[in-house]
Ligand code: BES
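In the form predicted on its own, a lone chain appears below as structure tokens.
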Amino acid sequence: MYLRLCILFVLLTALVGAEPDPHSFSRPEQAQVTHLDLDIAVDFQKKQLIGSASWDFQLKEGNKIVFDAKDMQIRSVQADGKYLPFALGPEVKWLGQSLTVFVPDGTKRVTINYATRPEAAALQWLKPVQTAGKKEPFLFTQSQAILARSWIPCQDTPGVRYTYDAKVKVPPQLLALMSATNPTEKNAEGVYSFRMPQAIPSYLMAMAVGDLEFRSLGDVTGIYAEPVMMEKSAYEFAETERMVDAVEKMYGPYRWGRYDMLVLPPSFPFGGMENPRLTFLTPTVIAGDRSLTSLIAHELAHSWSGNLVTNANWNDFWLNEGFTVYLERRIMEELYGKDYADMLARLGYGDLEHTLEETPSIDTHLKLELKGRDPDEGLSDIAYEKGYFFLRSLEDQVGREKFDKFLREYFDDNAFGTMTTEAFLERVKNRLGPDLGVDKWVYSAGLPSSFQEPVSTRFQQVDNQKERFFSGTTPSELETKGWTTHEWLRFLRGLPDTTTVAQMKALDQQFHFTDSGNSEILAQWLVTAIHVGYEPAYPAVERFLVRVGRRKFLTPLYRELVKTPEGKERARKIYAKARPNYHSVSVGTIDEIVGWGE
């Protein structure tokens, strides 16, 4: 009880001065949840979760508490053994419905009995054929940004944190996992209990159910995967414990107990999702050479930036991701050297340049205005890369030692709380200095005029080889030995519009890009192949788009396809086949690109 009161005090303190969340019906200033007891059964045949969510809460004013709900049936609400009146509000695009529960004086806990619908946006139900093992079905959730409300009635705002316990019943041949303490083996009953003692926001609620096994990678790290994926996964992520050690030395202790990872089927729409205690990962980062593990550094870094100190609402999203990219690159520099981190920064800048060209100027501010819009629109390179370069500019101005001390205190002072852009900028001005140009970075479009592009000496060598190739040097004579994924990406992204089919063929014959097992390299090669009209790669385009659901890869490929009438027709045919394999997060983006339903 004392622990819960302390957590509640931190949460209430963090909310002071925070603006109302435009993406939640809940009103935590009137009534705020503090703990969840979840009891659900997973029904693969009906594609449904059935059970109850029991919420402890504090009533501050009035006699009602408001939750967010979407794509679900509310069967009843109870408190102290009695049924309570409740009301569902009208359906609002993106937001779903408000669920208002009317409570008698003195009520401190309500139980919501509910069932999800098959179309619940957070849930992806996979048939056995869509998994690596091909034998058992699979279910995973994706709650960020505001999809938790489609599988749990909750106060779905990052400004509200709560602890939780859960009981989940699944078919006995499957293992259930959550963003909480987790089992490492299946049991005969198929009933699993979970506990999350640290307070989290709803977007970090996560669950997965499948034919899974576990392998330890160190004292506090481990990997879950389908059996047929375990050897590859364990090898790829073997250095995770070193990453934990590196970031702890810089920014303080890891406060979540364990850091385990789960390799999901390829339909997962993101590279990773930083669910506490159980990062969700796409299998597309398994390249066989540990060359894409900066993604692990990124998701691990969220254990400090985002999970520990969270954006108050989605207009402040850069506070989660800009910080995390900064920490990610510091981890990679610590483990692999400055020149490696410089490559990542330069690639990130290239992504940011592209995003700035395509994005309306108002959406290139770090502080966003997403009211009345899908908050998913804020998940762009502006938050990630512009946010990173802003923090990098602070480091450059005050020095790394002083900036590291500032960040360590920032995480310690605001642990398990929320942060607004305004409060962060005030902290910068008070502790680092008032004349660091922070307002221009945050409230202006694009990049400040004082910004200097990052430089990578290793990329300069790549550019030299690219120039040699376009000056007539054959691919076999290029000096590419020892290149990492990042150097190959630099090479491929730099291929000019004038690249010919003959040049593509020569590169492919030498380096076998069309058959690459590295998803980053393959995706970039296929974009260029579509642009140039390199037809030998077209079957690989279709195979890739049908197999992989990671939105980062899908978006540029479909956008390149639809640039011509013939390409658009091909895109729609492929999409008709691939769409059932994609998560709703990816479907929403690709539907718009290909004009699905027109």
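This one's a predicted model, so the numbers in the text were calculated from it and none came from an experiment. Quick note: we count residues from 1 along the sequence shown, nothing fancier.
FYI, the form predicted together with the ligand isn't displayed, but the following is about it.
Though the ligand is absent from this view, in the predicted bound form it lies within 4.5 Å of a heavy atom of just one residue from 145, 489, 84, 246, which is 145. In summary, among the residues 277, 330, 365, 298, the only one with a non-hydrogen atom within 4.5 Å of the ligand in the predicted bound form is 298. Residue contact with the ligand in the predicted bound form: residue 321 places a heavy atom within 4.5 Å of it.
Contact annotation for residue 317: at least one heavy atom lies within 4.5 Å of the ligand in the predicted bound form. Looking at residue 552, you'd find a heavy atom of it within 4.5 angstroms of the ligand in the predicted bound form.
Heavy atoms of residue 384 reach within 4.5 Å of the ligand in the predicted bound form, making it an interface residue.
Segments offered: 402 to 410, 269 to 277, 232 to 240, 122 to 130. Contacting the ligand in the predicted bound form at heavy atom distances within 4.5 Å is 269 to 277.
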